[in-house]
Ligand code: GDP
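Below you will find one chain, with nothing else, as structure tokens; this is the form predicted on its own, and questions on how it binds or moves follow later.
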């Protein structure tokens, strides 16, 4: 089977944990987009791993991890990450591959990225890691691809400073580089998990443009960046938090106002600080209008709910079921920032469950009020919730239906 996992919000949904959990039944895990601006956290047997470029499946012994063609790779960041994994006891040698078609992030791109941010008409809050510049140069047909490091004619076209930066990484990279299309064709019979970066609402086309990432965060990117055709994908799953968060600038219809005690409590209990930047995340009610939009634009077969336990001590849980815009209520997700900033969320309240969820391991063991909350989300989005995360550790996961279950049709 070929399964895609994407973030169904603005990123930071807990994809890292879920990919790690689902990797148990996969042979390969392929990251299909993004760069070192992503941050995936995996907690396994009490050890916390922080990943930025390497697919989350690398923590599972024996699994193969692939950096796909849609990624932009900073070699210095990659080897720093791999060295840290080795220090933590992860034997990654021979299990990490890099597509020869992935683009390289060079130091000058980071400088340009930060300079461009100061000159934008509307600052977007970039991480300044050169990701956007690398994707822009890719589209401008002036980028540098991984495979070109080992072709003399291509290497000779690089500028002296670029060669100086890349030279220490050439031989370390060489045994890891593969023709991804040929690699995927040879492994077509195996179970493959495709891991997205950021979230659907940050996708270049479907996100809140221009406050988006430069790569493709939507599920369609799995085929483009993963070395396969779209008809080879069997299932797509979206990960969402029981509430909403966002990092950086951009519209956020359900955001708590500054100083709102609920927002502050969510941030502290949920530890809502960026893995990559350390920035405090903005917090808000779960936005079901946006979540259903993500389900539709990605053909989600199922949803994966995370951080349900963050609400354990809340008296009330609220969700957004519509937007008031120009005197009317809509349940469609507007395309423009101006409209999204003008909407007023329509809120529905649920009683809190006031029960710790961390020890729950089955759907039936969840409090009725927690199940009611999740069931309403299923009904509104028209998409089943197949997995529920009730804590940071890999074991704190309720699997109602395994994504690897084949259809009976």
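Treat the numbers as computed from the prediction; the structure is a model and nothing was measured. Residue numbers count along the first chain shown, from 1.
Here the subject shifts to the form predicted in complex with the named molecule, a form of this protein not shown in this document.
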- line: Exactly one listed stretch (299-307, 174-182, 221-229, 82-90) reaches within 4.5 angstroms of the named molecule in the predicted complex by non-hydrogen atoms, and it is 299-307
query: Does the 4.5 Å heavy atom contact test between residue 281 and the named molecule in the predicted complex come out positive?
result: yes
- prompt: Applying a 4.5 Å heavy atom distance criterion, does residue 41 contact the named molecule in the predicted complex?
  reply: yes
message: I'd like to know if residue 390 sits close to the named molecule in the predicted complex, meaning any non-hydrogen atom pair within 4.5 angstroms.
response: yes
query: Does the named molecule come within 4.5 Å of any heavy atom of residue 12 in the predicted complex?
result: yes
